[in-house]
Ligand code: C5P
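There is one chain below, alone, in structure tokens, taken in the form predicted on its own.
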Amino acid sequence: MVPVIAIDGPSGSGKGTIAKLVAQRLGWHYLDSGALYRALGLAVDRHGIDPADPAAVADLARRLDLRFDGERIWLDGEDVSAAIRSEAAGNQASRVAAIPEVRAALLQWQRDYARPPGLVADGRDMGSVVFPRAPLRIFLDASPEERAQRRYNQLKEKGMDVSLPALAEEIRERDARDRGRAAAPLVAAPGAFVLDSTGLSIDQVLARVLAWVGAALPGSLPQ
């Protein structure tokens, strides 16, 4: 059995940043499941598929030509690492992720990503659905206002012209879709450690998470 650390949470909760740092600290593999759905959303647009057609989207998901190579993500042989990080791609990802047939089509792809020596996976249903037997499941959260501000800062650093009120509204809408969907809704898995990171620094959140790692997986942290 390959050990898995599942870190879930809504958009802007810091789960991706923390998951990457934990994976680096442990020397484990890292899975950004959100990138998988973002890539599918981009593919839906590029193939001219109606996102309201579950069968067509699920069929595309099953034959998706996608490859993760470290920090780079390749779709149909093209590096789409930057393209999938737009707000439009994120919103499209939230829509296609709500389709039960899509989640079923991508479930095994995600589970197959668990390889020795271990995996740190972040998403919205890593601990509740994809890796329900993970020895450590964590749910990170933060207020919508805090998450919108974080996203705003990230996009401004990249030179993008964005509106903070618009980002806050998009986050609330995405939260509603993710928490209210019938298939694998955004929820803390039973027994998961829950942390509200509002007002906390990355270092503070990382320290708390590493303490949980040390307790749940003795000997996993390098000395």
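One rule holds for the numbers: they count along the sequence shown, beginning at 1. Keep in mind it's a predicted model, so treat the numbers as computed, not measured.
Keep in mind the form predicted in complex with the named molecule is missing from the figure; the text below concerns it.
Although the partner is absent from this view, A93 contacts the named molecule in the model of the complex, with a non-hydrogen atom inside 4.5 angstroms. A142 falls outside the set of residues with a heavy atom inside 4.5 Å of the named molecule in the model of the complex. Contact check for A97: a heavy atom falls within 4.5 Å of the named molecule in the model of the complex. Though the partner is left out of this view, R150 does not reach within 4.5 Å of the named molecule in the model of the complex, counting heavy atoms only. Contact with the named molecule in the model of the complex, defined as any heavy atom within 4.5 Å, is confined among 131-139, 97-105, 111-119, 72-80 to 97-105. Contacts between stretch 160-195 and the named molecule, counted in the model of the complex as any heavy atom lying within 4.5 Å, involve R174, D178, R181, listed in sequence order.
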